[in-house]
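Here we start with a single chain on its own, the form predicted alone, put down as structure tokens.
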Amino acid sequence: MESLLPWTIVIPLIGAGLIILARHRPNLRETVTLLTAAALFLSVVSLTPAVLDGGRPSLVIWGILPGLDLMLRVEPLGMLFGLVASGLWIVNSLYSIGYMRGNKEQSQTRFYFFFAVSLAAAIGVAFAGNMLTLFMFYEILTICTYPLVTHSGTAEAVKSGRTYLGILISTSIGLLMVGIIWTWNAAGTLDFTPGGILKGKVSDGLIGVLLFLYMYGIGKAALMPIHRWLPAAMVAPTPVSALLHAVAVVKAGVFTVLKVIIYIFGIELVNGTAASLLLAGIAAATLLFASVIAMQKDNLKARLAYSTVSQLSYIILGAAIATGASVIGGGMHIAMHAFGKITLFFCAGAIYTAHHLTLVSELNGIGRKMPVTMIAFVVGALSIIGLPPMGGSLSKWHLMLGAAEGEQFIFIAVWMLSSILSVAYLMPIVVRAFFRPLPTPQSVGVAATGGEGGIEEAPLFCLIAIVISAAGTFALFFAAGDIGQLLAPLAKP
């Protein structure tokens, strides 16, 4: 298992090189992308039995100082993130083929190259054995996704890219790195250790300062008010939006939040402290405010972006409550939200590709034109809302159990209110799609929707990916027990 660990990072890098070599042969380039994604997923899956059996495969890459190494180590939370990221890369690659060709996007080789490098960085984050290694891959992920955010090269894309890079780099350098250095100075190690490394090493007041440095230094978790980079990045092509929201970037953020709470602070140290209650209040406010903003957005991708800001705070709130059930629920929500949200973004991109519609107000009757796409949208929406039999219902259930376990009943009410707000910003889209009439020939949108013609879905590769991700959202409801078994060690002190 240890010898396999570096290959989980090397495989996508090799794929990136082969993509460059195949740049003049699109079919070969995309075949390489799919084969690389499949090879990465299989290599990650092969590590799973060892982790389920209690093993923790690890490998030191480079010893920098005594007790401070660049190292890889697989534990349950990283195993789950690695499975989600590598598995969804296959699905997103299928979707990208249909989307990039259907929209005749420029610089497709560059797109596939940086996508592969981004996945290498995401797996590095997932399997990092200490905070230094995670920080290194976290920064690489920021830098190599910047060309994807600015892919179109327009003035708007360049401006959004500056916002994206500026916020993420400034928070990680100005806050997260300071917290890491302070932790090393106090604890003498940065290794991810069950139960944490800070207990008995710092005062209660310093715990609050360090918690602030970590939580706002992890800008990819998109706590308000440092969330603006995420809506700004919606100028990117939809497959990039899917990467940001489901496959790698924001999931790397909330994954890091959970890793820090569980393995740096320790849930016993955080639970019930004034600092954790303050963090929980900020997460709850972000959760609700982002939902309210989402209701007001007519642009479909912008609405989904603010939905993501809200859903990420479910995980941060679970981490702040710091009970066994809440951290397991937070880990589960990484997977559940990833499949639900990637489905919604796939649908938004399919609507744009087939009919060049971007606004919610333009979607009257689109369900008659794109029945497969919009049925999948319903599936993804129900998971985000938290209704069974979709996976999101069970991760929210565990989060609420965690709040009850910690006697933080107010946050159960917050999560329930958020679910109601999710209904308010997602279900009107469904109502428009299936229960409003198509535009008349005199309507502005007639050219885009094709009037009263037949079914006009997105390209086949897009549809295949949409069906797979929607099916995955449904299947996760029945796989929740296995995910809970994988994550059970997180609840131990």
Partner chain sequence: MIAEHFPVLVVILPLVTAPICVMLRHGGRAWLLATIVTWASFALAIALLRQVMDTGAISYLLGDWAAPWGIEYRIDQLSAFIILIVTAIGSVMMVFAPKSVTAEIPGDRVYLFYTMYLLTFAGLLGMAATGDAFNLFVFLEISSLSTYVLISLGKERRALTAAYRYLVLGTLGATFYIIGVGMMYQMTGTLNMADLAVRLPAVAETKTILVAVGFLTVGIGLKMGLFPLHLWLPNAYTYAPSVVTAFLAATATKVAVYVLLRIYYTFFGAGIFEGLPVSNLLLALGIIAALGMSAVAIFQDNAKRLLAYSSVAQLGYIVIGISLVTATGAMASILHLFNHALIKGSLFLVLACVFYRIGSTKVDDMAGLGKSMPFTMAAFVLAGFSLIGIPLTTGFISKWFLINAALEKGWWIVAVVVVAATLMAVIYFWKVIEAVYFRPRPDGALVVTEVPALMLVPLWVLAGANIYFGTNTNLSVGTARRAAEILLGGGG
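Positions refer to the first chain, counted from 1. Note that the coordinates shown come from a computational prediction; the quantities given were computed from them, not determined experimentally.
As for the form predicted in complex with its partner chain, it is not shown, yet the points below apply to it.
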Is Gly55 close to its partner chain in the model of the complex, meaning a heavy atom pair under 4.5 Å apart or at it?
-> no
Taking 4.5 angstroms as the cut-off for heavy atoms, does Pro437 touch its partner chain in the model of the complex?
-> no
Contact label in the model of the complex: Arg162 to its partner chain, heavy atom within 4.5 Å | yes
Would you please decide whether Ile64 lies within 4.5 angstroms of its partner chain in the model of the complex, comparing each non-hydrogen atom pair?
-> yes
Only one of 259-267, 381-389, 244-252, 164-172 has residues with a heavy atom within 4.5 Å of its partner chain in the model of the complex, and that stretch is 164-172
Even though its partner chain is not shown here, does it sit in the model of the complex so that Leu68, Ile143 and Val178 each have a heavy atom within 4.5 Å?
-> yes
Would you mind picking the one in Asn130, Thr353, Thr150, Ser418 that has a heavy atom within 4.5 Å of its partner chain in the model of the complex?
-> Thr150
Note: exactly one of Val235, Ala280, Leu190, Val117 sits with a heavy atom within 4.5 Å of its partner chain in the model of the complex, namely Leu190
